[in-house]
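This document opens with one chain alone, in structure tokens, the form predicted alone.
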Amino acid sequence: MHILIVDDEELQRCLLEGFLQKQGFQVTSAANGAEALEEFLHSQVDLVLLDHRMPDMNGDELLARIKAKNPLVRAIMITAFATVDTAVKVMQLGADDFLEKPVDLTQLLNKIQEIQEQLFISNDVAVIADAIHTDQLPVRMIAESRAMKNVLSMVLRAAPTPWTVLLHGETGTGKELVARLLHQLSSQKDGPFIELNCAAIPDNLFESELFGHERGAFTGADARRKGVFEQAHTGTLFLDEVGELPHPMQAKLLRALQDKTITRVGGETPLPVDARIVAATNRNLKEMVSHGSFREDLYFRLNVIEIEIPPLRERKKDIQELVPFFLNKLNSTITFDDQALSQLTKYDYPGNIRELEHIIQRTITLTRAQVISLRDLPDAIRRNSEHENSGKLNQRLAQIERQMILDALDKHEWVQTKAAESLGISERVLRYKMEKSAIGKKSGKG
């Protein structure tokens, strides 16, 4: 990671440069805005640390000019005069954060490491976007939220390995889509992708479904049949809802995974199989192990790499991308206005992405308008039916604060002075909170 330090104080530059170089970063420095722009134009800079007040060009102007040349560059503003107005302004210009002088080096390092991790993840997501074409997956992978970008980053790192992957997440979060993405990014992408839903197979047919059978192995076995292990040879076998696997079959699955061989029902000859295993569940397998309903050795065999798929309520930034995606998928010319779209982001979606898709299908089918408004949405969403106890405390408080601000702005026709007065805060604090909560001007669009 290449960091550019811009500060007219030589002592401050040397302090930061020496500290960051010891942490393993590539660091260059500039004493003023002109030097900084020259360095920026001729180097691949990932992060800029810039002083807010400099004699030739203040930090605001320099940040604006740097962002004009490369909008993707990250920046932290350092100032000796921290105010709410300053914070709002530098965030509007595109800074990631700001720090007060004297700089707390531990705090600075934490912020830089967080930005570095975000850059790694963004690069991973870009690699996936370049490598995967839309027609290779049943639907496009939407990942605007940090939570889903983290998932894609893990997928990119796990895909080239031969290790078994366990996907964990609620129903409707897109576990099958992630499994297909793992397959498409693996060295076995040219092989088959075979899926078995363990919850849909009768107990007496499980062994045959997994390993196949020979002719005459049981009543009705009129011909030899390959099981999913053989079908997935040289490809990927996706065992969905693996927590529903009957206990007697768990030992046989474990042996197949360990030996990489299977024996058809009614057969005697072990057959080698080479299939990458991806398993998925919405159940707590660790808890099932403690209760004795799932084998511990099988759990550890499946859980070499675990990827948690977040529920939609924890990735609400994706909703504003999912809505137009589903409308396009349905070949619909209908759109949602800002208020309806904002209201969609407040619902918890216990059915996750699948529920969102069904809500859109139902809404555009029943509406007579070309633009969906708040009154066209289902009652549960229109009334903001959020589970009272869902989410973490900080998330709930942030949601409540955001809604109070929106309500106050609506009540006072978006006159910020009056809205701030009704909330018992200053107008300056209101502007800061609006920026923090991603509340725009009159649309209130987040």
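Residue positions are given as counts along the sequence shown, with the first one as 1. Just so you know, these numbers come straight off a predicted model, no measurement behind them.
FYI, the form predicted together with a small molecule isn't displayed, but the following is about it.
**Q** Only one of 157 to 165, 141 to 149, 285 to 293, 209 to 217 gets a heavy atom within 4.5 Å of the small molecule in the predicted bound form; which is it?
**A** Residues of 141 to 149 come within 4.5 Å of the partner.
**Q** 170, 329 and 357 - do all three of these have some heavy atom no more than 4.5 Å from the small molecule in the predicted bound form?
**A** Every listed residue reaches the small molecule in the predicted bound form, so yes.
**Q** In the predicted bound form, is there a heavy atom of the small molecule that lies within 4.5 Å of any heavy atom of residue 308, even though the partner is absent here?
**A** Answer no; every heavy atom of residue 308 is more than 4.5 Å from the small molecule in the predicted bound form.
**Q** Can residue 175 be called a contact residue for the small molecule in the predicted bound form at 4.5 Å between heavy atoms?
**A** The answer is yes: residue 175 has a heavy atom within 4.5 Å of the small molecule.
**Q** Just to confirm, residue 322 within 4.5 Å of the small molecule in the predicted bound form by heavy atoms?
**A** Taking the distances in the predicted bound form, the answer for residue 322 is yes, it comes within 4.5 Å of the small molecule.
**Q** Decide whether residue 348 counts as a contact residue for the small molecule in the predicted bound form under a heavy atom distance cut-off of 4.5 Å.
**A** Answer no; every heavy atom of residue 348 is more than 4.5 Å from the small molecule in the predicted bound form.
**Q** Of 364, 353, 108, 239, which one comes within 4.5 Å of the small molecule in the predicted bound form, counting heavy atoms only?
**A** The residue from 364, 353, 108, 239 that makes the contact is 353.
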